[in-house]
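Heads up, the chain below is alone and in the form predicted on its own; it's given as structure tokens.
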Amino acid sequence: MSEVEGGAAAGLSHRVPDLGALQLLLAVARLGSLGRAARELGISQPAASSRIRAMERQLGVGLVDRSPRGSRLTDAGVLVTDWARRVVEAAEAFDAGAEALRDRRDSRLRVAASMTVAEYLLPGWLIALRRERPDTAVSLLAGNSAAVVERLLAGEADLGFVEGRTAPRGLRGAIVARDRLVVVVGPDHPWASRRAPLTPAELAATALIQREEGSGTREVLDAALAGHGGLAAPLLELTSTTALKAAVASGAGPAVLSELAVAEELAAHRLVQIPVEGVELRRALRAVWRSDARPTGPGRDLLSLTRRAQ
């Protein structure tokens, strides 16, 4: 292909009017008056006259003859109006198709979330989203943070929520909440009556009931105790926060869990919190999405709702 041919294919001629000008010309043809056409389109008559004149200069031909009795199309104007009608109809069909695509996109939202967010934060956010978008069907896939990342990267979720120190590689994110991990035991555990806080070394050396590898809780705990000898082998390893809390309450052993997850049990004295000194157990809860697929439609609205709740 020659440079001339390539340049012609690269874009429309500068002599092609914009859609607004073509719609104005069609209104003048239909109504026989520039003033009535301007009122129909919600613009002033001087602005309409200026737009017609600009289009005539752009095309190099006269389009409308103006007189006290109204506005009449010239022969060239009749021809251009016929072309304009086809262009505007094609644009309207394009717009309708794009709207249908948006409606299909907005009809569902696939959310993947870590257990803490899925159980203790998302229900409130999804109820609020339901009020704003009653026609959007939401599916929620709960799992550990590693599973959330896998689903996002595989295109199986539109928006994810994870726990951890940083946004996972390959994803972009925004902090939507803050959380703290706390050490808890059952009321009959020996630690329940101790007065001195635990040291990081004591916590690291203790066999804990733990979440599985890949969970945000486990990742934060591993990092916090890495400089204190690292985590001891787990006493038990469970994938469910509910099962983990039940095991701790029964006296099986201590655990480190989200403060959000144990608030009710601590208030009811089914679990006892044990203070720890010298270790940072705070963490961020993040909304995450693929770097090439920023949330749109209902995903964008859900993300906005999380920020309002902060």
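Small disclaimer: the values here were computed from a predicted structure and weren't measured. Residue indices: 1-based, along the sequence shown.
A second form of this protein, the form predicted together with the DNA, is not displayed here; the remarks below concern that form.
Think of it this way: in the predicted complex, the DNA has a heavy atom of just one of Leu266, Val61, Ala246, Ile43 within 4.5 Å, and the residue is Ile43. Contact with the DNA in the predicted complex, judged by any heavy atom within 4.5 Å, is made by just one of Ala252, Ile274, Leu281, Leu34: Leu34. Although the partner is absent here, Arg66 sits close enough that one of its heavy atoms falls within 4.5 Å of the DNA in the predicted complex. In the predicted complex, no heavy atom of Arg270 sits within 4.5 Å of the DNA. Within this chain, Ser71 lines the site of the DNA in the predicted complex, having a heavy atom no more than 4.5 Å away. With a 4.5 Å cutoff on heavy atoms, Arg39 counts as touching the DNA in the predicted complex. Of the candidate stretches 252-260, 237-245, 51-59, 281-289, only 51-59 contains residues with a heavy atom within 4.5 Å of the DNA in the predicted complex.
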